[in-house]
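Given as structure tokens, the chain that follows is alone and in the form predicted on its own.
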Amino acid sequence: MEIQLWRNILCPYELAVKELVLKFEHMIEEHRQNDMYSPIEQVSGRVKSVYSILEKMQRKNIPMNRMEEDVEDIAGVRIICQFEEDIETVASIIQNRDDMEIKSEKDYLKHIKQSGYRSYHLIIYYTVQTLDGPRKLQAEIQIRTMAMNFWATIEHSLQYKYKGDMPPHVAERLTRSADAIISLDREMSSVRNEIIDAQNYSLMQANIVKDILLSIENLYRVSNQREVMKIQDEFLRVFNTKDIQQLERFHRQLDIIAEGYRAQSVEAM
């Protein structure tokens, strides 16, 4: 196949990956802007290389004219969660979206692979708009925890090194490490609520500080510099207490001061 033809084939998949990653990143941002815990921690994507596509087709005896139908993971998106419970939440979000049609699902959490691999896979149909009109493409979405992803990355590297013929002693140690990863995920799940509460507390604090700094910046435009410097010094004092209730009170006081200046500007008009 000509190089230019490969580019034409893969270009819509690159667009699909970019759009999907952007949409999942927006979900993270929406949760955080609303002081909510996000079940998605990180998201990344890739388009399979020509070498990887050809290697998979050779391994699975896929003819060239069946490539786009039978190679389901030309476009791939990986979603990383903090906790195993989040995986089901994310899968449910995807299942309920109108712009992502589920073709198939594979649950390697309930049905762990012999190697120890765990993840949740979705094959979806996703439509992109191209110069030639809409293209309905397949994409694979992998959902896993950070611990699962660490193990899977190591396992993939070892499989690549040994070309699928891993020595028994290496495979055995990999299996033992998979058991350790399962224990780690379960341990993290046992303190999940405490971790989420701490993260939400930190997020709320960061958002309040951001709003306070914006208010102080706006006051520089309408107040004298000496008064704003006093307000800034008071903010630093309150900030150093690490007390979110004091920060909230200070924020409310700033709103009252800002409202007073707005009222004065209206009277001056």
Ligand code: 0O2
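Residue indices: 1-based, along the sequence shown. No experiment lies behind these values; they were computed from the predicted model shown.
The same protein has a further form, the form predicted together with the ligand, not shown here; the description that follows concerns it.
Exercise. Between the options 230, 59, 26, 242, which residue brings a heavy atom to within 4.5 Å of the ligand in the predicted bound form?
Worked result: Contact with the ligand in the predicted bound form is made by 59 alone.
For this session: Report whether the minimum heavy atom distance between residue 117 and the ligand in the predicted bound form is within 4.5 Å.
Result: Yes, residue 117 sits close enough to the ligand in the predicted bound form that at least one of its heavy atoms falls within 4.5 Å.
For this session: Using the partner position in the predicted bound form, report whether residue 189 sits within 4.5 Å of the ligand, counting heavy atoms only.
Result: Output for residue 189 is no: heavy atoms all beyond 4.5 Å of the ligand.
For this session: Indicate whether residue 176 is a 4.5 Å heavy atom neighbour of the ligand in the predicted bound form.
Result: Taking the distances in the predicted bound form, the answer for residue 176 is no, it never comes within 4.5 Å of the ligand.
Exercise. Is there a heavy atom of residue 86 lying 4.5 Å or less from a heavy atom of the ligand in the predicted bound form?
Worked result: Contact with the ligand, no.
Problem set entry | Stretch in contact, per heavy atom within 4.5 angstroms of the ligand in the predicted bound form, of 205-213, 26-34, 219-227, 42-50 | Going by heavy atoms within 4.5 Å, the stretch is 42-50.
For this session: Scan 105-131 and note down the residues that get a heavy atom within 4.5 Å of the ligand in the predicted bound form; none is a fine answer too.
Result: Result: 106, 108, 113, 115, 117, 121.
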